[in-house]
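Starting off, we have a lone chain in the form predicted alone, written out as structure tokens.
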């Protein structure tokens, strides 16, 4: 099976390296093309800067999109599918927007579009979710979806370092990009959560801008220290619930008791959980990013195509109502401004320098926090453990 790799960054290099090692079933794989940017030096014989050369090569069976971002990744994926080539990608940003379009195009052209590596890196999360869905209705998903944010919070907890110092360390280690916004502001988690929701509920989320997101940019060492004294650890969490014809989703910092699995997920690891009608709670733990773990997931998808292993088919056409009031929670808010009156309907009480807010709908909490940030850009919020109940 001949593979074309679009882009030769972290993921592309990882795929190339695994194929070249030719271990086990990868002995039947070979790289036919590597797409590089115009005017970039061709250091390998497979390299080309001409996408048409790849699309028109009848001997290329699979295209691995490893460019990242929305465009031209979206254009290239569609073109590859329309040219009768299977497509594999780890690009959660483009999948979160175009999953249904890609799936429909693959079906129309009798090829496969697989994306295991897009959520959870090396963790077999997508296939695990799909297997659960063969039997169960999955009614909730929760997880640490982002290794960069988890590394930062874990190191702050262990060493008491400041957010800025630990972020710089994460950048030096290659865990965080020069612009870390997608990781620390929760955008990466939001993309992965949207993909998971689409699959779990068989929907096509259109109102992504409505997703309540609050990242970890404003957390301080004193916050982490205070939570630790209470026997709690903070993690950046994505979660969703489905009840009847309604669903919700949220990305926010959340507290967990120190003996929980979430609290003990270290460094850049991920922990993603689902809850099914008969399977109950099922946890997936492992390396959520990195060159070889992510590339491993890409290769697994390629081998599934080679062995004609079908993945769960979804039409993404179920009509569910997004309901930001579906679940309620308890929160702590830190702000230099006097904000108690904004939360007057939710029994606000003070706990030291934090305002405790009780039994507030998650969507309402995020709506009010947007107001808080306008008067105090350094404000921080975190959800309390066991505070959530389906309304």
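Positions refer to the first chain, counted from 1. Keep in mind the model is a prediction, meaning the values are calculated, not measured.
This next part talks about the form predicted in complex with another copy of the chain, which is not shown.
Note that among 226 to 234, 289 to 297, 206 to 214, 93 to 101, the stretch whose heavy atoms approach another copy of the chain to within 4.5 Å in the predicted bound form is 289 to 297. 261 is the sole member of 173, 261, 257, 164 with a non-hydrogen atom within 4.5 Å of another copy of the chain in the predicted bound form. Here is the short version: of 243, 318, 137, 168, the single residue with a heavy atom within 4.5 Å of another copy of the chain in the predicted bound form is 137.
Another copy of the chain in the predicted bound form comes within 4.5 Å of a heavy atom belonging to residue 281. Using a 4.5 angstroms threshold between heavy atoms, residue 202 stays clear of another copy of the chain in the predicted bound form. A residue is said to contact a partner when one of its heavy atoms sits within 4.5 Å of a partner heavy atom; residue 179 fails this definition for another copy of the chain in the predicted bound form, lying far away. Contact annotation: residue 127 falls within 4.5 Å of another copy of the chain in the predicted bound form, judged by heavy atom distances.
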